[in-house]
Structures are given as structure tokens and as C-alpha cells.
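Okay, here we've got a single chain as C-alpha cells, the form predicted alone, with questions on binding and movement later.
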Amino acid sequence: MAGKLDIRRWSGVLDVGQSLSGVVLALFLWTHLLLVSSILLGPEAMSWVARNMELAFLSDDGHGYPWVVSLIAIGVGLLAAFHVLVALHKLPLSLRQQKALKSQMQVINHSDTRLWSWQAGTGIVILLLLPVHLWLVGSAPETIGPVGSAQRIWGEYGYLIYLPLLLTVELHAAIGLYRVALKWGAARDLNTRARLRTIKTVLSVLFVGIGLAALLAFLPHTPA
């Protein structure tokens, strides 16, 4: 009995850790996207954002400290790694578990179960692409800006990473927040659940649209 209680206690702790880390990552993601989308207001606006992200207002020469961005990238990477590790206890890792899940999804056509499978699938893609993005940004923080970012995205074919990453992280984040809301009692009836699903869809479409517009806005600033 004590062993079962310990397992349940640790499972609860992991659930809380997964939820909290997921919420923090989702909020950071949307904040990051809005900051990057400052390019839509013009190169001067993005340059101002980039300088302030590097704490230029604290430096004597006004150039800031690019290593701050590197520290943020490392912090995000560590938090994402923690999120993955605590989420693993919910994933069907064995072949038998995967077959059982597939069989259940064929018998029980439940929309939230499908959302969970989408979240798991997008999580795998993010696990492959996010480290590349964090390395590209964290290893060369001084290049962040209209021209440097445009060169990385379009001149160096970074869009091959950023396009699928944008789509998967936005879906993953919106689905994750929706499931966190359900898990911790935000939806007490079917009407509330339906409203939450609508909000989830609107957020996904909105942020994907902003992200695509920002990527295209970098194109004119690509060095010839």
C-alpha cells in the first residue's frame, strides 16, 4: 500500500511539474513571437526590441550584452528538457502501449484523445527542431536584428526549420493550455469545454498567422 501511495504521490508531483513548465513555456513562446513580430512595424522597431532584450539601456556604449540572449536560450532549453522528461511518464513508449492506444482511438472516437495524440506528435517534432533553433540563436546572439535574422531565416535557409517549428509549437502550446485548463478544473460543463476549444483554435490560428507574417516580413531585409 505504501508503495502505491508513493507512486501516486510522485505521479501527482510530475503532473504539477508538467503543467507548470508547459504553461511557462507557452507564455514565453507567445511573448517571444510578439517580440519577433515587431519586424512588422519596421526594422527600427525590431532593432529597438533586440537592443532592449540585450539590456542596452544598462550599458555605457548602448550596445547591450548579447550574452543575455544566450542565457535565455539556455534557460529555455533546460526548461523544455525538464518538460519533456516529466511528460515521458504519460507517453506510450512501448509497442504494446502504442497498439493499445491505437485500438482505443479506433473504438472510442473522442476529440480530446485525438488532441492528446496531436500534442504528442507535435512534441516529437519540437524535440527535434527546438534545439537547433536555440543553438542558432544562442550561439550568435549579436546577429539578432532585421538583417541578421533575415539572413539566418532566408539567406541560410533557416525557414526549413522555422516553418515546421512555428506550426508545431503553436499547436502544441494551444492544445497544452487547453488540456491544463481541463485537468485543473476550468471546464465544469460541456459549454465551458466548448468555449475553451474555441479559444484554443482562435489562439492557434492567430499566432500562426502572426508568425507567418513575421517570417515573410524578414524577406526584404535579406542581404543580396
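In this text the structure is predicted, and so the values were computed from the model without any measurement. So that there is no doubt, residue numbering starts at 1 and follows the sequence shown.
Heads up, the form predicted together with a small molecule isn't pictured, but that's what we're talking about next.
In the model of the complex, the small molecule stays beyond 4.5 Å of every heavy atom belonging to A56.
Looking at L203, you'd find every heavy atom of it more than 4.5 angstroms from the small molecule in the model of the complex. Although the partner is absent here, L25 is a contact residue: one of its heavy atoms lies within 4.5 angstroms of the small molecule in the model of the complex. Taking non-hydrogen atoms only, L177 approaches the small molecule to within 4.5 angstroms in the model of the complex. With the partner omitted here, the residue from V132, L78, L127, L71 that has a non-hydrogen atom within 4.5 angstroms of the small molecule in the model of the complex is L127. Though the small molecule is absent from this view, in the model of the complex it lies within 4.5 Å of a heavy atom of just one residue from L115, V84, V137, V147, which is V84. With the small molecule left out of view, the stretch that reaches within 4.5 Å of it through heavy atoms in the model of the complex is, among 191 to 199, 168 to 176, 154 to 162, 42 to 50, 168 to 176.
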